[in-house]
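The chain that follows stands alone, in the form predicted alone, written as structure tokens.
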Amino acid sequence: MEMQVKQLSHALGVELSGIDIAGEVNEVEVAAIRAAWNEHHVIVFRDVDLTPDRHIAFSRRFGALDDHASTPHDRLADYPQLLEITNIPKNGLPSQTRNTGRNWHSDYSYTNRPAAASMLYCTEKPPVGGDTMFCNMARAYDDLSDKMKGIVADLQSVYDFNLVSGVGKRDPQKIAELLKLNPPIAHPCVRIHPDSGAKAIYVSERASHFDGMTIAESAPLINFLCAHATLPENVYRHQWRVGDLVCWDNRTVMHMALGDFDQTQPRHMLRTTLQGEKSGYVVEPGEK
């Protein structure tokens, strides 16, 4: 059966069907999925029955997988390639990922190998809410004036793990360890997609400042770029169903997980992360 493509919003996002991604996916199908992904930035598969092993196997068809060593406490037991994002308590304690993703961001931007892509699978969800929003950073870049494109071309965004949403509610000892693993790091403010060649803004609410500029100097431009990128006409809002696999390209997309649901209701997701290219440099304390 030929792959079917259904557009989900004007700015980005398509639903793909007609391919059994829980089974054996051939090279032609992988190429078709990759082409749709590069064009639309977010791809959605519905009603998929994925075991952890099947999830990992399908994800590997698109690149090397991260072992999530940057956030070791969030990995699924026995599966370092799977990040567990849930509000379900673990070992009698609140889950460390219960409030994760509550601000606009690209995954692992605070590391020296920011994620190329993420593939998130829903196993449990609350009856209402818990949506995720995505914005098209390539389209946002294209809509900038030529003058602004020239300004951002020379900037390096400094990412700080302290700006990850919900950090203040996590175990202080674990946070101290994560801060040592992930010191502030700078990446180009404009990222070029290695496959499509598309240029995209690479600035998020987890960027503290631009290297060589103060926080006060940087804030107006960071705020403008984030507001510009997340205008409603540039956003797709995904309403989750159990069995959804949603895949997004972190090189051209930011996302935000909404807390618009009853936190007493279980929400459980598993994420594989495709490794991106090594880039960036550590910014020493005081360089802001």
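Only a predicted model underlies this, so the values are computations on that prediction, with no experimental measurement involved. Don't overthink the numbering: it's just position in the shown sequence, from 1.
Although not depicted, the form predicted in complex with a small molecule is the subject of the following passage.
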Quick one: from 112, 96, 132, 81, grab the residue that has a heavy atom within 4.5 Å of the small molecule in the predicted bound form.
132
Which one, 200, 120, 158, 155, lies within 4.5 Å of the small molecule in the predicted bound form by heavy atoms?
120
Within 4.5 Å, heavy atoms only: does residue 196 come near the small molecule in the predicted bound form?
no
Is residue 116 one of the residues lying within 4.5 Å of the small molecule in the predicted bound form, judged by heavy atom distances?
no
Contact with the small molecule in the predicted bound form for residue 100, defined as at least one heavy atom pair within 4.5 Å: yes or no?
yes
Verify the contact flag for residue 85: yes if a non-hydrogen atom of it lies within 4.5 Å of a non-hydrogen atom of the small molecule in the predicted bound form, no if not.
yes
Choose one stretch from 101-109, 213-221, 67-75, 146-154: the one whose residues place a heavy atom within 4.5 angstroms of the small molecule in the predicted bound form.
101-109
